[in-house]
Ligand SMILES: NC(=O)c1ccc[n+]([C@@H]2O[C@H](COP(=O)([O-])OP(=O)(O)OC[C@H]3O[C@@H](n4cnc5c(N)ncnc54)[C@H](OP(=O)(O)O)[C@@H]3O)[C@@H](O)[C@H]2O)c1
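Single chain ahead, written as structure tokens, the form predicted on its own.
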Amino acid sequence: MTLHGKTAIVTGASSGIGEAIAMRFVDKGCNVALAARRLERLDKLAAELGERALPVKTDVTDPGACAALVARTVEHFGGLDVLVNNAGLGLYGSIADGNPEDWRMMFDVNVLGVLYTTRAAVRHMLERGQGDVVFVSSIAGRRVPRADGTVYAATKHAITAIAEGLRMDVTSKGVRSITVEPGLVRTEFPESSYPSAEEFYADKDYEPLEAEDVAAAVAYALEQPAHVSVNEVLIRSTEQTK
């Protein structure tokens, strides 16, 4: 498959991995609906990317907004070929001392938000008999990296189940399910739990991946021939030992 001439939705497109994926898609001649809550950032990115980019302010925790995102994309570009579920939130704390409101927020965004957007997109893809759904998960979807990341890891383990269940349901109907599981990636993601991303990365004894590395992995999986499904990609820095 070539991405040229296709149309994709990328959630969490206002920064980091989502922004990098959107940029790579447009470079390959793909139309992209940029979805996130921070419209000013989406507008700036869309201005850089040109007419192939459509900014759509979207709160993935609202199922109506997710359905409207898909409808707007189809209306503007004439169809939808790829959904990249990238929006995510990581808040850390032990089970004993953690904040239940943080847990609810993570499940709302990382799990329910993925389900809402996937539901809306897959319905359109099934009508057309083709499509790809990409889940940007984490190495935390395979194991719990540390105790204060238990609930975050639980949301990513849920994504593993959702992606596999979707694959079983739609693979015979022309829709592929792809999960990309990055290790540590240099983005602004840590800022939700640490004073600054710079401080967080400076404390590491190895160089993390860059967002562009993950975007390349997503494009690789999507560009396989239609009869080939790369269902799972684990990608991490060569220096990352676990």
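Residues carry their position along the shown sequence, with the first being 1. Predicted, not measured: the structure shown is a model, and the values here were computed from it.
What follows is about the form predicted together with the named molecule, which we do not show.
Interface membership of residue 59, the named molecule in the model of the complex, 4.5 Å heavy atom rule: Although the named molecule is absent here, residue 59 would touch it in the model of the complex, with heavy atoms inside 4.5 Å.
Find out whether any non-hydrogen atom of residue 37 is located within 4.5 angstroms of the named molecule in the model of the complex, and reply yes or no. Residue 37: yes, in contact with the named molecule in the model of the complex.
With the partner left out of view, is residue 55 within 4.5 angstroms of the named molecule in the model of the complex by any non-hydrogen atom? Residue 55: no, not in contact with the named molecule in the model of the complex.
Might residue 30 be said to contact the named molecule in the model of the complex, defining contact as any heavy atom within 4.5 Å? No, residue 30 stays farther than 4.5 Å from the named molecule in the model of the complex.
Though the named molecule is not shown, can you say which of 70, 215, 46, 184 has a heavy atom within 4.5 Å of it in the model of the complex? Only one option qualifies, and that one is 184.
Please identify, from 118-126, 168-176, 94-102, 135-143, the stretch that has a heavy atom within 4.5 Å of the named molecule in the model of the complex. In short, 135-143.
Quick one: 7, 82 and 223 and the named molecule in the model of the complex, is every residue within 4.5 Å by at least one heavy atom? Judged in the model of the complex, none of 7, 82 and 223 sits within 4.5 Å of the named molecule.
If you look in the model of the complex, which residues in 141-169 sit within 4.5 Å of the named molecule (heavy atoms)? Going through 141-169 in order - heavy atoms within 4.5 Å of the named molecule in the model of the complex - the hits are 152, 156.
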